[in-house]
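Presented as structure tokens, the chain that follows is alone, the form predicted on its own.
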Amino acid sequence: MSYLDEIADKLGKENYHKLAKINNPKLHEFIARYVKLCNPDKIYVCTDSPEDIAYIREAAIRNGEEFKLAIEGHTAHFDNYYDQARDRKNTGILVPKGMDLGPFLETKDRDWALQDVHEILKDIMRGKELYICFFTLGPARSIFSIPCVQLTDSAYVAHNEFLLYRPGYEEFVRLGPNARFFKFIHSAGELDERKTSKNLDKRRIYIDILDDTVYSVNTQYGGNTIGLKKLAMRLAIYRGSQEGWLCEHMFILGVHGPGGRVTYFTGAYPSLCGKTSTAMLEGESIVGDDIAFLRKINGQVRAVNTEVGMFGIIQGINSKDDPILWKALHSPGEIIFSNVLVTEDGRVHWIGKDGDVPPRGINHSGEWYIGKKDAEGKEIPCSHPNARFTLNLRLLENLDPAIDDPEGVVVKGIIYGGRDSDTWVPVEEAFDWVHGIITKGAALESERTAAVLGKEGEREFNPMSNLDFLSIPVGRYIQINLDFGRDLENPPRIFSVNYFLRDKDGKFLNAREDKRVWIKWMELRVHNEVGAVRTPTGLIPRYEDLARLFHQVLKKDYPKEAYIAQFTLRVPENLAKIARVTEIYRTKVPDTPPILFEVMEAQRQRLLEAREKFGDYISPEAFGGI
């Protein structure tokens, strides 16, 4: 008896034939095992056909996980009040005895965790329908692509994935037994009267890197359940570390330069640090906003977006600062809004949206009104700070035509950015690849935001904005990044940005739109078309170049006083940062590459010499240009 024959009664004739068309016994074995364990009442196998995808969309409405809004194609979904962000405590990389990933990675004993999650999964889908869906990470028929199979009892989760990823059923059929695929098992578990996950004490998000499998149970929040997103990153990082390519928490942006030139940048920023708004800059073109695969091909770094959609934070999106997203979010088209405020007329509102906050509606807390407080006495905002929207990038008018290029785009620049109130200048170029990976990427810190459970505002160590998603030791990850650029004749330039620098009174020194100028300066730098000022920490813009760009891009003046305030070198804060970061690597990352300490010490010495000569706070005019 074949694996499919074992579950033929639950599959039915049509679904049986859909799976039988894929000649992959390992896939059939995986599906049969979890059908028998989870015990759904019925199964739906989704191919790439519009009819099958429509079935998923309609099931989310029929099951009550989503409901329709006033604008055609728009739906809303609510998660449990306490299921609104990535759950670090109950998320773990499964490791066998003897494997140590270091203190920053949450790990679980593999034998114990597999037993734990399989006990929870037993009969968890009884009374429900199981959706079996197929996708690819990256474009199909590409060296970048990874086939994926998702098993879930949540039509909401499956609906998200059909907006975010390329369909993969035909890719599985084409590859047959040669498919090396990632596997995802998810159950929302028992639902309450609002159709949200009920048993959060049994929430588990386990990543088995040895078996290319992700388990997610008793949760609906996208960051815990949309398996191909951050959960798949752990699988891809582990595979890439063995094969010599990178999976990074990066957008891919086409920056339009002089003469119709398009130059591609990737950028890594923690959540709520300007990543999506940079990927969506007016006048530029987006390839991706979140996750990139990077490979070295014919002496160049090339990148693809693993996704074709956006699962974005909606807080703060407004018509002035985000005109392209604003237009998409207010036009007909398939969009899921999660944990926003929904008014009686089927409209949505969120923190930072244009206009007054409606006095009442429904949100993640249930019936809502201004001034409502939760059980802890904390006032509940109209939408959750981590409220989201999901859409396909094809709804955006600035989508880059290279989105599905199987060869990817050539990367000329890499940007690291965080939420930093007192140290980094708004934009700075590293001296070289090694200096950039260490002082911009490996030294990245950011003030905590609502996207992660815990206290907001605390400064967090977050190398490459990827710490939450690593599945290899931090030191090894840093070394892999260092090695990645060393045999390239012209590696991408590395930059840092900081949109959150404040003055001594706490006032932001950057306007939100200033990032349009910083990106244009970086584009000119990678083509050696503007000079720079050499400081102890890197290369910063010359005033005259920025003044010209502010006129060209934003049609406004750029006072010399603003330049000096923004680009003053803050020596004490930079020295404190070096001390913090170096101490972390010295005490908590036992496999830190020795060159990291050498590069950080050299930067410390340059800062000390500058302080001796100019003082603690040094105007950019004190340094010479190049």
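Keep in mind the model is a prediction, meaning the values are calculated, not measured. Numbers for residues come from their place in the sequence shown, where the first is 1.
The form predicted in complex with a small molecule is left out here; the points below concern that form.
| task | Could you check which residue among P381, P167, G223, P473 gets a heavy atom within 4.5 Å of the small molecule in the predicted bound form? | result | The residue in contact is G223.
| query | Of these, R388, H74, H186, K440, which has a heavy atom no more than 4.5 Å from the small molecule in the predicted bound form? | reply | By the 4.5 Å criterion, the partner-contacting residue is R388.
| request: Please run the contact check for D420 against the small molecule in the predicted bound form: heavy atoms, 4.5 angstroms, yes or no? | output: Outside the cut-off, so no.
| message | in the predicted bound form, is there a heavy atom of the small molecule that lies within 4.5 Å of any heavy atom of T136, even though the partner is absent here? | response | T136: no, not in contact with the small molecule in the predicted bound form.
| request: Using a 4.5 Å heavy atom cut-off, state whether H364 contacts the small molecule in the predicted bound form. | output: Taking the distances in the predicted bound form, the answer for H364 is no, it never comes within 4.5 Å of the small molecule.
| said: I'd like to know whether S271 contacts the small molecule in the predicted bound form, with contact meaning heavy atoms within 4.5 angstroms. | reply: Flag for S271 set to yes.
| Candidate stretches 394-402, 430-438, 215-223, 520-528 - the one whose heavy atoms come within 4.5 Å of the small molecule in the predicted bound form | Correct option: 215-223.
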